[in-house]
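This document contains two forms of one protein chain, each encoded as structure tokens and listed individually as structure 1 and structure 2.
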Structure 1
């Protein structure tokens, strides 16, 4: 049995170079993350190298820290509330604009505009505004309002195209089959739009959960995860910070991926 001579692959070197380049590319993106993950298991009381052994005790500390749990609770609660409020508000406007009204494009642009505002400016604007209104900074007033204010345009911009693209004929067909406007909404519009609404709410939640720069100006004594994290870094480089970073990365990534997956399903449905 003699092996047939294999033809030489003329792109051999290209392929090798491309493989190397791709590795460097991904390395640049992920090296910092890998370092953080490695350090999070490092058995050393000072953050950083050298590695002195493996431990999971930092994760234990992180998951048992009262401060962290409180901040996590705050972030979850404000995130969920801000997501629900902004998604509901965005949905109402998107439904109202579905069949087109006069001056609609101006309104759409005005909704888009705040997205372009730098976060630091947004934070200072809110700080001055709340000061002027004499509102005391805390989680359920200033932070919630700041988050809804920040998330709302994004919620609208994610939801509007899906609501706008909703096939009018489906509503007419339902009405033709005897459905009253309320029934049309309940049995046709809502079930078809729901995945898009859920995706929008999850997206809004991740934005709120990750928001730092506005929150830090208006959070008073209450802390969300990003604010707590920042304070910890500024106060002292605590040895459990890498573990905390990893936990936050996992939570944020999982939420974003869920939002993305549900959004994809929503787009296939409509």
Structure 2
């Protein structure tokens, strides 16, 4: 007796097309990163193919360059400061929105406005504003304000759902036991929200560290690492640029993964 024929899969071609699309999508997304990594080890004075050998000297040149280290330090310092300010403001706004404030919808729209504006438009608006106010372009004035303006909406959108989902019954129970509002925040609210706040700060730091469009309009003499990288690309295609790009990618990826891991922990805690 012959075996019954296997039923025909009506979605076989759709699955094949989806697999092909996924492969092409991931290839276009990650292949340039692979090329950059390969070129960073190319023992050639010109950036590009063909490969003439393997070397790590370009990484040594990047790590020993005074200009690159200074720009890297500027990005780290501005990023940490912008992340701290943005996260603190986002936490205060999220806590305030839990209780309702007058003009809350207007404040929310103003917070989210930088997300809707294209980066080049935001940079031009900041440039005109600082020029009108006669504020000299500097790392700790115009650049820091531009980064906080850009990072704050993302910090708020990241932190607000976690604050909004906080069980207020815990606060009410603590107040029923005689705790003051400050004690409730210190001993009940803050320990539960701290992982979310740390994850938000790391995410905000990553955004500030990689910010270029608005920064290039308001930067003064001191450069951040994205601005310096752009200037080096415009002036000369130096052979150490791929190695520099890999270092930037590693820093951003490590911080993003740390923020994601801490954010998962915050979700479980909430």
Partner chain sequence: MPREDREAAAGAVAVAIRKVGKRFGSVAALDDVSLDIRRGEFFSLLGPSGCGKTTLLRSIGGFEAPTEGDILIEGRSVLHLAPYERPTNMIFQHLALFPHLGVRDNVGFGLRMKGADRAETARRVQEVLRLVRLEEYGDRRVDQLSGGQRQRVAMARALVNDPAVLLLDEPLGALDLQLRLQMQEELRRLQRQLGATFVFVTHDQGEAMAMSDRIAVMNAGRLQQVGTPAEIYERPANRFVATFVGHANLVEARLTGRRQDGFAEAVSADGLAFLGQAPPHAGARDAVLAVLRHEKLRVHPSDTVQAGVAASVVERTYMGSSLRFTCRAQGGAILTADTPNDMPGRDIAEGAAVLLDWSPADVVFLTE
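Positions refer to the first chain, counted from 1. Definition used throughout: the rigid core is the maximal C-alpha set that superposes within 1.5 Å between two forms. Values in this document were obtained by computation on a predicted structure and should not be read as measured data.
Participant: Mind telling me which structure is the form predicted on its own?
Facilitator: Only structure 2 fits here, because that chain is the form predicted on its own.
Participant: Superposing on the rigid core, does the Cα of residue 27 end up 2 Å or more away between structures 1 and 2?
Facilitator: Passes the 2 Å threshold, so yes.
Participant: After superposition on the rigid core, does the Cα atom of residue 134 shift by at least 2 Å between structures 1 and 2?
Facilitator: The answer is no; the displacement is under 2 Å.
Participant: Using a rigid core alignment, state whether the CA of residue 254 is displaced by 2 Å or more between structures 1 and 2.
Facilitator: After core superposition, the C-alpha of residue 254 moves less than 2 Å between structures 1 and 2.
Participant: What is the magnitude, in angstrom, of the C-alpha shift at residue 17 between structures 1 and 2 when the rigid core serves as the superposition reference?
Facilitator: C-alpha displacement of residue 17 between structures 1 and 2: 8.3 Å.
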